[in-house]
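Next up: just one chain, as structure tokens, the form predicted alone.
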Amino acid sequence: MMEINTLIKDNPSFHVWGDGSPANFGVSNAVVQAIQSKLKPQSITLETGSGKSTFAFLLKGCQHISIAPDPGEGDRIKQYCIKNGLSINYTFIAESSAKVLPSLITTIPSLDFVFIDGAHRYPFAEIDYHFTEQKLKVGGYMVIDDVHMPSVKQLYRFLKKEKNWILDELVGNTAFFIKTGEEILVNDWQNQGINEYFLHYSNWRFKMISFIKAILGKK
């Protein structure tokens, strides 16, 4: 049975540059190991993007889905599995996650683990989050890669402030969040942590205006 150390030692290239030459855009070995340490066999898992991270899920025996636009990535991953005698329960979808997720997510009863590492241009991380978090179980992981990038960082900031998420670990620039409960909506936006300051400011401003109007009215 192949082990994660074999992958780390081989450091295979599952991606390509624009000219077709091999490239390795994979996450760090520390992130691969951190992902695998938080998984259970037969977990239902999904990632946007694919590469070395994919093997954290496959080697743990997860029912795994990867979504990435290059069909060659899926082929190279499967060939590496065959080469190493790895039997997998794996679905690779060669398409943009923004196009696939709205319909795909309706066919998935629940998710145990989500890894967002697909397109990094804004607002793809938010799109991936929006469609997957509704199916993520309470106690499940939402993992966001490259949170140092401005186009991804806003999602990281949002989750850090929300009452139903807790930051479990930050491995380099990869954030591991645990879902602690379902989102509770209060007048659409008023219960969101990211809006807490604005809510207090709006309430204070309303009270001040009402107070001033009351004083002027008495005059």
Ligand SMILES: C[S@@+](CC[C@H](N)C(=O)[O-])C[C@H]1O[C@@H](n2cnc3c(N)ncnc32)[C@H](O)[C@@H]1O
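Just so we're clear, the structure is a prediction, and the values are computed from it rather than from any experiment. Numbers for residues come from their place in the sequence shown, where the first is 1.
From this point on, the text means the form predicted in complex with this ligand, which you will not see here.
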item: Answer option from A175, A68, L46, C62, heavy atom within 4.5 Å of this ligand in the predicted bound form; value: A68
item: Residue contact check: G118 to this ligand in the predicted bound form, 4.5 Å heavy atom; value: yes
item: N89: touches this ligand in the predicted bound form, heavy atom cutoff 4.5 angstroms; value: no
item: 4.5 Å heavy atom contact, S53 and this ligand in the predicted bound form; value: yes
item: Partner proximity in the predicted bound form: F198 to this ligand, non-hydrogen atom cutoff 4.5 Å; value: no
item: Location of this ligand contact in the predicted bound form, chosen stretch of 166-174, 184-192, 37-45, 22-30 [non-hydrogen atom, 4.5 Å]; value: 22-30
item: Stretch 135-154: residues contacting this ligand in the predicted bound form, 4.5 Å heavy atom cut-off; value: none
